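Take a look at this single chain in structure tokens; it is the form predicted alone.
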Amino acid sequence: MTTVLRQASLIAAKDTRIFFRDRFALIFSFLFPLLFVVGFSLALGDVGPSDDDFIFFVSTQEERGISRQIIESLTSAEDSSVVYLEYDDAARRTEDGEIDGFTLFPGDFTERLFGDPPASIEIALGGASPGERAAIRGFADSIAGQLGQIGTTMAVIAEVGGPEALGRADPASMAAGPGLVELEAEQVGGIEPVPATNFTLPAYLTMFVFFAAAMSAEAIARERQNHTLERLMSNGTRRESVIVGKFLTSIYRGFMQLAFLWVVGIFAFNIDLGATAPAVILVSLLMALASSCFGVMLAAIVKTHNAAVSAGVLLSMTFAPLGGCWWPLFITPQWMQSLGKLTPHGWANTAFNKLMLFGAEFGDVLPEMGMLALFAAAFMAVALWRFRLSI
């Protein structure tokens, strides 16, 4: 083991020196990702939530009744965020995805308002997000709660004053009166949009770390084709030393890419690493580990220099969009999100998005970390099985 590590370290040191002498390799590994981050960040601008008001849509199936008066009081309020729609129009717009959903007063609402069983308020939901669904449900619950207070008041009137007093009370005016059925909105804190660099930097970092690792297979294939690896063997270098040495070369470069781009991102673009910065760092290291194993595996599978170049470019340009490097996976259809899980890029970008866009904590990305480690182990297993030193 000591001999293998010593020989692997010498091979990695030699390849790293060659890498630093190659200007194109340096530009490709460090400058290209930065240019992509700057360009696409300027194009995208800020992303994420904003302080726009949420619009609540209401409808009723009653021709006349208390529901009409409730809706009138809600929609006529100053700075109201409630919009009335006819039932057929609301149902169509929800089905077509034009609105997220609406609150509905059924046709027997007034008749059953103070009866037994009591009246109900319904909600119709379309393709709303979980947060939007919660808002619509909360809106309906607020109305139902205030109507419950009216029912309690009417019951007290009947208990204290008898049926005559209840007859003199006007349920319609009570339901529509100010302060009983109304929508209150409270600002609990500013919502700052997320800088686009919080998505673009980790996404293109993932893309170019894997791209560089895939292209390292070309150098290994070239050394195999010109018999450099065979000459190493004739000088006593072990096969395992060559594999580990090439792996160390790739992971050194990956770690340097990570360090450079994260430092630039933090100090030049004011990137927010989220609530758990150590988790972002660990995901980055696991991603670099998986990419290095991927590069060695690719070198073990291909036979010639040209095949390595073609395979490296093809796989890199396929995995990048599928894995969410060109666009966030969470905005894509479900079938594409499922395809993204077939790539290490998809797991890495999902973890970065959770941590840097949605405020996830360390435990929330443990599945993604585990899958990156699993990809690395699988890639290295194939590399050890298929790696050869001659054509």
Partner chain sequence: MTTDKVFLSASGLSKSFDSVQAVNDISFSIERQEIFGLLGPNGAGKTTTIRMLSTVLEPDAGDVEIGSRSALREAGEVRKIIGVCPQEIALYEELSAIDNLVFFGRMAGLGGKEAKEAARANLELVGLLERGRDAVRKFSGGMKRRVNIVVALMSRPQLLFLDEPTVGIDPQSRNHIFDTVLGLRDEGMTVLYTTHYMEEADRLCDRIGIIDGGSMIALGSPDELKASLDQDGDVTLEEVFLNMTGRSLRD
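Numbering follows the first chain given and starts at 1. Bear in mind the structure is a predicted one, so any value in this text is a computation, not a measurement.
From this point on, the text means the form predicted in complex with the partner chain, which you will not see here.
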Notebook entry, point to check: Might E230 be said to contact the partner chain in the model of the complex, defining contact as any heavy atom within 4.5 Å?
Noted result: yes
Notebook entry, point to check: Do T237 and the partner chain share at least one heavy atom pair within 4.5 Å in the model of the complex?
Noted result: yes
Item checked: Close approach of N226 to the partner chain in the model of the complex, 4.5 Å, heavy atom -> yes
Check: Looking at the partner-bound form in the model of the complex, is R23 within 4.5 Å of the partner chain by any heavy atom?
Finding: no
Notebook entry, point to check: Judged by heavy atoms and a 4.5 Å cut-off, are Q7, I11 and R17 together in contact with the partner chain in the model of the complex?
Noted result: yes
Next item on the list: Name the stretch: of 94-102, 202-210, 306-314, 218-226, exactly one has residues whose heavy atoms fall within 4.5 Å of the partner chain in the model of the complex.
Entry: 218-226
